[in-house]
Ligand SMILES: NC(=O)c1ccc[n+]([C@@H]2O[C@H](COP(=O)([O-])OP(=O)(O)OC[C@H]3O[C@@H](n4cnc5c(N)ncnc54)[C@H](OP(=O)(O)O)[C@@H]3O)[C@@H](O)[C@H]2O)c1
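One chain comes next, on its own, written out as C-alpha cells in the form predicted alone.
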Amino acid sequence: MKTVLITGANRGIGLEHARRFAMQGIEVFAAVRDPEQAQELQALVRAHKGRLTIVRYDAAQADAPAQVKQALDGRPVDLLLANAGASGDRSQTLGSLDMEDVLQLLRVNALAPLKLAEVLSDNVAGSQRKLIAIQSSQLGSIGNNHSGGRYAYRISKAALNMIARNLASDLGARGITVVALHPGWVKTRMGGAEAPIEVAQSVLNQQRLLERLTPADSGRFFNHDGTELPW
C-alpha cells in the first residue's frame, strides 16, 4: 500500500490511523474540516515530513469531495478510509425526534461518504490496492438491533451500510473492494471514557484486517477484530 486518504483524521480513530500508516512509510492524505485547529495532526506532519499532507474536507459541504480530488492532483489512492462522522443528539428517543437532526446526520454519515467514493473512484481504481473502507457502526445493523433508541444515528449508519453494499456492486467491475467497518466501542470523544476499547487497539485491529482483505470480501461488514457482522 503506497497512498491512503483518511477523512476525520484530526482526532481519535482517524488520527491514530494516520499516525500508524505514516510510521509504515505510507503516504497519507489526512482530510479534516479545520486544518488550522488540528494541532495533533500538524505535529504528525512535522514528525513525518513528506509522508503526511493535510487536506481541507468538511463532510457537511457538498463540494468538499471535489476539493479533495483537486488536492490529490491525480494521485492513485490505494485505500480510501471514509472515517469522518457525527453522533448527533444521543438523547433522541421515540416521541422526541428532531427531523432536522436526522437529516443532518444522514448528510454527514451517509451521503458524504457516498459522494466522496463517487468522486474519488478513479483515484482508487488507478491504484494497486483498490480499497474503500467505510467506518460504520454496529448500531447501524438491523439484524443486531435488540435495544432500539438512537434513531437518528442508527438510521444514518443503516443507510451507510446500504451505501457500502451498493458501492461494492457498482464498483466491483473496476476491481474496487468496498467494506463497511465497525471500530468497536472505543474510548474516544464520541465513545466516552467508559468505552472498553483503546483507540490504539481498535486501529491496530482494523489495519490488520484491511491488510488481508481481498476482492472476495467486498460488500461485507466487519467488526474491528475481523469477525463479520449482520446487516
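Here the structure is a predicted model, which means the values were calculated and not measured. Residue positions are given as counts along the sequence shown, with the first one as 1.
One more form of this protein should be noted, the form predicted in complex with the named molecule, which is absent from this view; the next part is about it.
Relative to the named molecule in the predicted complex, residues G12, R33 and K157 are all within 4.5 Å by at least one heavy atom.
Residue contact with the named molecule in the predicted complex: Q135 places a heavy atom within 4.5 Å of it.
Although the partner is absent here, L171 is not a contact residue: none of its heavy atoms lies within 4.5 angstroms of the named molecule in the predicted complex. Using a 4.5 angstroms threshold between heavy atoms, A59 counts as touching the named molecule in the predicted complex. The named molecule in the predicted complex comes within 4.5 Å of no heavy atom belonging to L106. Stretch-level contact check against the named molecule in the predicted complex with heavy atoms at 4.5 Å: of 175-183, 40-48, 162-170, 22-30, the positive one is 175-183. Only one of A71, A86, L120, L114 lies close to the named molecule in the predicted complex, with a heavy atom inside 4.5 Å, and it is A86.
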